[in-house]
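There is one chain below, alone, in structure tokens, taken in the form predicted alone.
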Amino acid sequence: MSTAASARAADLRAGDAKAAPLGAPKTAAGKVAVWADERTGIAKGASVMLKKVFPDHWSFMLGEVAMYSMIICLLTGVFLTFWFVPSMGEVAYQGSYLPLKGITMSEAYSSTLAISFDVRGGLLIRQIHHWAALMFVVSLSVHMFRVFFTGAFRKPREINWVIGTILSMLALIEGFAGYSLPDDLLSGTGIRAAEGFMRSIPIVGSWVSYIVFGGAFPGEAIIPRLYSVHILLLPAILVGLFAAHLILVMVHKHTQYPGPGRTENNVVGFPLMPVYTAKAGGFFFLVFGLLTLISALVTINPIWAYGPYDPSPVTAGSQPDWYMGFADGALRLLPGALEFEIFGFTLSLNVFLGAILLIPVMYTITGAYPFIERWVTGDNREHHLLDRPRNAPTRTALGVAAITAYIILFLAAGNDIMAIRLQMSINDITEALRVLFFVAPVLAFWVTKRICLSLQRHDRDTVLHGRESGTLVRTAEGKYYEVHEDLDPYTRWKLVSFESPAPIAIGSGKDANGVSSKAAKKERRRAKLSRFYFKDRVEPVTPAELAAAHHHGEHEAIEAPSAAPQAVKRAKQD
């Protein structure tokens, strides 16, 4: 055999090309990939990443919209930096917008006008940048709502939830810095308000204002400093946090909604390459195209209508961008009686609490929630399957209550506009909103929890007795009942595959010798919170209950929740 092989090899004609080694790249791209892999070892990691499976559900796109909006902000922001001049030096405007020609203004405002009227495509890019920033904030917020209401923040994703919380808070600061840069009358009014907020910080407020503004307001340093923060510091932090967020998503694998074949140990979906990559790429261009269309058709922040900033006039009806509205509303609702003197210092808590303290406190509570819930429930397991919001009624009700409080604060930011439009007293509107801030969240909590429990009971009834078919049957005894269609296994799976934890029992708080435990108070407090979370609950249908309902064959009344644990015990005994 070897002699024949050698003979055949010797029969090659002159000029014949030798066969390439098995697996050798044949294209230029393949050769480049091999070259890079030999020097970086990237192939193994890339192979694992490209085979990563992602579930397919529309709600998961909310996070993608946030990521794409941030990318669009970065791209358009680079374009704007070519012409924007971050300086408060005064110049006489000589651009093409005639109503402001010859007026003295800052170089920042003049360059923004030049971008809007003299740079080809500048106004469109400016508007895309602004609309993308708004889209980034709203999509990030809605994405966090999805994560919260479905319980996607549970172990092992607590760190990712904290990262998302920090991203959301920094997005507000980045947005404020961005719309303050043009130095028009509206943004200048916002900066003037921010300077007042800084001064309300107890003891050190005036020093903080002096350091930030480089002297007395307005100074000449605030625009260059905001520019550095807006294009360097905060974008670097945001990109870094986003990268960490995506890496953790890869490490932990993606969450998924319950369904047949979906467990805590697998992910049902499509691989990153080629399916998900193609879908994600197409979705990016859809988001970019939609933002471009909105920016071309809907004007936002027309700075030429406001004029340059001047500390003397006050812009009536001026409002911040919507995402800062809740803080403005809190500022308006806080009573003036919270300003007082102590030890020779004036404490303006009516300003400090709403304008400075509210945002970090709110986001601290938000970031700490996964750890609070884990402590209350005592659940240290990993969770990769999502909850239906109705199956976690207390958590869902808490989320709706928080959103309700946010809406009240947001409405309060327009109390002056409402008073003018509705011909009402601004004092009456303010007092009503103060009452609603404390009453509406409690009412929203109660109503939401009742709705969730009612939906759970409806699901339980549907599983036990099927869907109403509308067909009436008469028995030989003259009795009538409606025929119910049985659910298919796939639909039934979604309605029964959840847990309904029982409240933690309150122990005696004493050891075997009758001595009170040091942790007794802590455990009692935890038991009370557990009772708050799980006192009202509906047990999922057990196989024994389902078999009994099918055996009976008629529409029975739903079993009371209090009897459900007994049914579970009977099922286990059977």
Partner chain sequence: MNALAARRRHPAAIALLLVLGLALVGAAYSLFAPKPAQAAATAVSADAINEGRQLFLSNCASCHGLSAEGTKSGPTLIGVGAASVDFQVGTGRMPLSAPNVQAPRGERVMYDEKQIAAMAAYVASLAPGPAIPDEKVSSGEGGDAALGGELFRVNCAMCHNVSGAGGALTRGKYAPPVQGVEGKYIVEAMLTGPQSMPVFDDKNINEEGKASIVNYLKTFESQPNVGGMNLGNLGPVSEGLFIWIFGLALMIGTAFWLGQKAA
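As the structure is a prediction and not an experimental result, all values here were calculated from the model. Numbering follows the first chain given and starts at 1.
There is another form of the same protein, the form predicted in complex with its partner chain; it is not shown, and what comes next is about it.
- Query: Does Asp416 reach its partner chain in the model of the complex, with heavy atoms at most 4.5 Å apart?
  - Reply: Flag for Asp416 set to yes.
- Asp56: heavy atom within 4.5 Å of its partner chain in the model of the complex? Yes, Asp56 sits close enough to its partner chain in the model of the complex that at least one of its heavy atoms falls within 4.5 Å.
- Query: Going by a heavy atom distance of 4.5 Å, is Arg467 a contact of its partner chain in the model of the complex?
  - Reply: Because no heavy atom of Arg467 falls inside 4.5 Å of its partner chain in the model of the complex, the answer is no.
- Item | Interface membership of Leu291, its partner chain in the model of the complex, 4.5 Å heavy atom rule | Yes, Leu291 sits close enough to its partner chain in the model of the complex that at least one of its heavy atoms falls within 4.5 Å.
- Within 4.5 Å of its partner chain in the model of the complex, do Tyr97, Val287 and Trp322 each have at least one heavy atom? Heavy-atom distance to its partner chain in the model of the complex: all three under 4.5 Å.
- In terms of non-hydrogen atoms within 4.5 angstroms, which of the given stretches 391-399, 478-486, 300-308, 161-169 touches its partner chain in the model of the complex? The contacting stretch is 300-308.
- Report the residue, out of Val138, Leu453, Ile359, Ala177, that has at least one non-hydrogen atom within 4.5 angstroms of its partner chain in the model of the complex. After the contact test, the surviving option is Val138.
- Contact residue in the model of the complex, from Ile504, Val85, Met144, Leu134 (heavy atom within 4.5 Å of its partner chain): Selected option: Leu134.
- Members of 236-253 lying within 4.5 angstroms of its partner chain, judged by heavy atom, in the model of the complex: Read in sequence order, no residue approaches its partner chain (within 4.5 Å, in the model of the complex).
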